[in-house]
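Let's start with one chain on its own, the form predicted alone, as structure tokens.
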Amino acid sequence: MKTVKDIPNLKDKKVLLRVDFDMALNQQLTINNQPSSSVSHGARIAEPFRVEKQKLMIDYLIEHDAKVVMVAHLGDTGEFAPLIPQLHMLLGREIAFLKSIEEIPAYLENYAGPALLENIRRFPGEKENDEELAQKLSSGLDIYINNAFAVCHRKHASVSAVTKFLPSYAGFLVEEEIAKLGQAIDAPAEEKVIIMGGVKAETKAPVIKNLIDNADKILLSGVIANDIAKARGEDIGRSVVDDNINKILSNLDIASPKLVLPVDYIMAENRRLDIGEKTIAMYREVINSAKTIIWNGPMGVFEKDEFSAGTKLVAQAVADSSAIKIIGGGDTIAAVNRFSIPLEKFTFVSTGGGAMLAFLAGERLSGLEALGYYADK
């Protein structure tokens, strides 16, 4: 896989840079007492982490005299125009805004600094990996750089098909994500602890299946814990479970002693909404003895104070650990921020949620495949 460092000369090169600006926004504001029509109109960036992680790559390209057009998404329908002043503040430089792909060639001819195209998912063909859109997007450009690891599991036009039309390279962030997650996977199984929580069991189960033989303990909570508990024959009351438990847990030894389930819960309306004090103590003891920790997903409904203790105390234990500790996922980062735990306390914070889990599960990520990553394996 070629990286940015393999580009011999960036001076005056017209670069299509895939970035990840799919960030959390605050509650949508209203206009004339009516909800705004756009998910981003009037909103402010609530979580700048993903934007800030792009700054190193953008700065490098500008410092090497490249002409940069950035492509990103903001959900499926969000609009970037109202956020440009905030992006300017976060990135420390002026950012031009382009409403359409047709504006790119003219802008590059009269280049006045890095520009950001409107949400690429608002253009027909992006999610279908349409080659016509990819060719249109790459017209007049010299180089494509993917610096958006969080979308590398998406077979989209700006991630996959575009590499057919331009010399393509991995950006600094993609390279770093691969290296750090790879190190975690390859770390010795002894005293490696994996923590999985949250609501998306279908994305957590493949990780557990792939890493169960390469881990000491897997601490579980959330829906994946409910699924396994129910499969073991436990009465889980009205707690949330998946409809297709057998499919999700197929080929997983649910009786494995490596799978650690909560022993008590904080309940409401006969539902498990957080782990209890005994489980918190048990999980913290395992975390304190770990040498490598991978964490994705909260322990409970951390957004509500009465169900936040499990996530808060587990997060603090991971942050205080002397182990190599890698965390990721939007809810995980949101929880860490809610409890005012500095991200610097963790060895590495992945920008990927689904992409991180897919990589840890051993899946082939289409964005990395398009860059030639697996050709070297």
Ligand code: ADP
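Residue numbers run from 1 along the displayed sequence. The structure displayed is predicted, hence computed values, not measured ones.
Beyond the structure shown, there is the form predicted in complex with this ligand, which is absent from this document and is the topic of what follows.
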query: Using a 4.5 Å heavy atom cut-off, are K204, G222 and T332 all in contact with this ligand in the predicted complex?
result: yes
message: Looking at G198, P262, P114, G171 here, can you tell me which has any non-hydrogen atom within 4.5 angstroms of this ligand in the predicted complex?
response: G198
query: Which of A189, M267, V240, I84 has a heavy atom within 4.5 Å of this ligand in the predicted complex?
result: V240
query: Might R272 be said to contact this ligand in the predicted complex, defining contact as any heavy atom within 4.5 Å?
result: yes
message: Under a 4.5 Å heavy atom criterion, is F80 part of the interface with this ligand in the predicted complex?
response: no
- prompt: Should C152 be counted as a contact of this ligand in the predicted complex, where contact means heavy atoms within 4.5 Å?
  reply: no
task: Give a yes or no for I245: in the predicted complex, does one of its heavy atoms lie within 4.5 Å of a heavy atom belonging to this ligand?
output: no
task: Mind telling me which stretch in 324 to 332, 49 to 57, 65 to 73, 343 to 351 gets its heavy atoms within 4.5 Å of this ligand in the predicted complex?
output: 324 to 332
Residues within 4.5 Å of this ligand in the predicted complex, restricted to 299 to 315 and counted by heavy atom: M299, G300, V301, F302, E303
